[in-house]
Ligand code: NAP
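Just one chain is shown here, as structure tokens, and it is the form predicted alone.
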């Protein structure tokens, strides 16, 4: 077995870990550029705790709160410029995947005078240190070296992207956060939609990571443990109460740990074809990323199972996945359908257009789907 494993992020987990372990922030620099969205980090108390921890350490900070869902190239250039002009020497992201991914890109732009194309093509050798405070349980970005952005402009960074907005990713070991503070109390008021959709995102990371060609023994172990933890949360998710605060702290913490473990898995394995397919739903319809992945879960796993049965040269992975789930696929698919509710509908012409697009993650998927199979997955995902 050949193995190359790197996961340099220090994990600090538990209630009030940010304040209790604030000295890990003190090691990163003298002034933080705090990256958030407009409202949630302030509403859930995470921003106040960050400010208190930084002030107790004698560190300064400047706030960039302009991150939107699915951060854009324009957004991260703004954040990087602010960090540079304010003399920040580390980044601190608070939120879900969007602020964390934005902070990673801004960490590069704050110390490199590079173009957008150079950024996406890994032409950089330095980045500011990053700390992360996740406030949703889904993305796992606090333990990955990836930043996924919406590319809205052409190579000049000014005119609209000629093909329309596109999801693009950058990746480098420099983008692993130095430390991540996992405190489920910041998630206690998340709505049903956010809780379920982020859980589906984490689940898709674990499932897809397990079905990637770059998977290895360590990533498989992490993925299976994430899946098992998520299985413990299915019933509470299915019976989500009227008030988000009624979801127990124990379930919130399990979801958070499952999300982080799944992120650790894909940091090694990458993701499979549903992830790149799901971007079409997000870009064209505004579908939540986790929900988009959930729409593709059943048709993708059905394809995997059918291909395993039809092609003896494919080493089976679905039986091990079923064992990790602790249930058969029929029951698992029923749970996914109930979590999703009514599926979206689409015109055949639109789905055909998407189905003709190349999906880069197909090359990392263990069954190596054909373009025709990708088109069929799109059709099966929606009505």
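Fair warning: this is a prediction, and the values are worked out from it, not measured in the lab. Numbering follows the first chain given and starts at 1.
What comes next is about the form predicted in complex with the ligand, which is not displayed.
For this session: Determine which one of 201 to 209, 301 to 309, 215 to 223, 73 to 81 lies within 4.5 Å of the ligand in the predicted bound form, judging by heavy atom distances; exactly one does.
Result: Partner-contacting stretch among the options: 201 to 209.
Problem set entry | Residue among 38, 331, 345, 323 with a heavy atom within 4.5 Å of the ligand in the predicted bound form | When the ligand is considered in the predicted bound form, the option within 4.5 Å is 38.
Exercise. So which of 187, 110, 227, 132 reaches within 4.5 angstroms of the ligand in the predicted bound form, heavy atom to heavy atom?
Worked result: Answer to the contact question: 187.
Problem set entry | Contact of residue 260 with the ligand in the predicted bound form (heavy atom, 4.5 Å) | Result no; residue 260 lies far from the ligand in the predicted bound form.
Problem set entry | Close approach of residue 67 to the ligand in the predicted bound form, 4.5 Å, heavy atom | Residue 67 belongs to the contact set for the ligand.
Exercise. Any of the heavy atoms of residue 178 lying within 4.5 Å of the ligand in the predicted bound form?
Worked result: Residue 178: no, not in contact with the ligand in the predicted bound form.
Exercise. Is there a heavy atom of residue 148 lying 4.5 Å or less from a heavy atom of the ligand in the predicted bound form?
Worked result: Yes - in the predicted bound form, heavy atoms of residue 148 and the ligand come within 4.5 Å of each other.
Problem set entry | Heavy atom within 4.5 Å of the ligand in the predicted bound form - qualifying residues of 89 to 103 | Contacting residues: 96, 97, 98, 99, 101.
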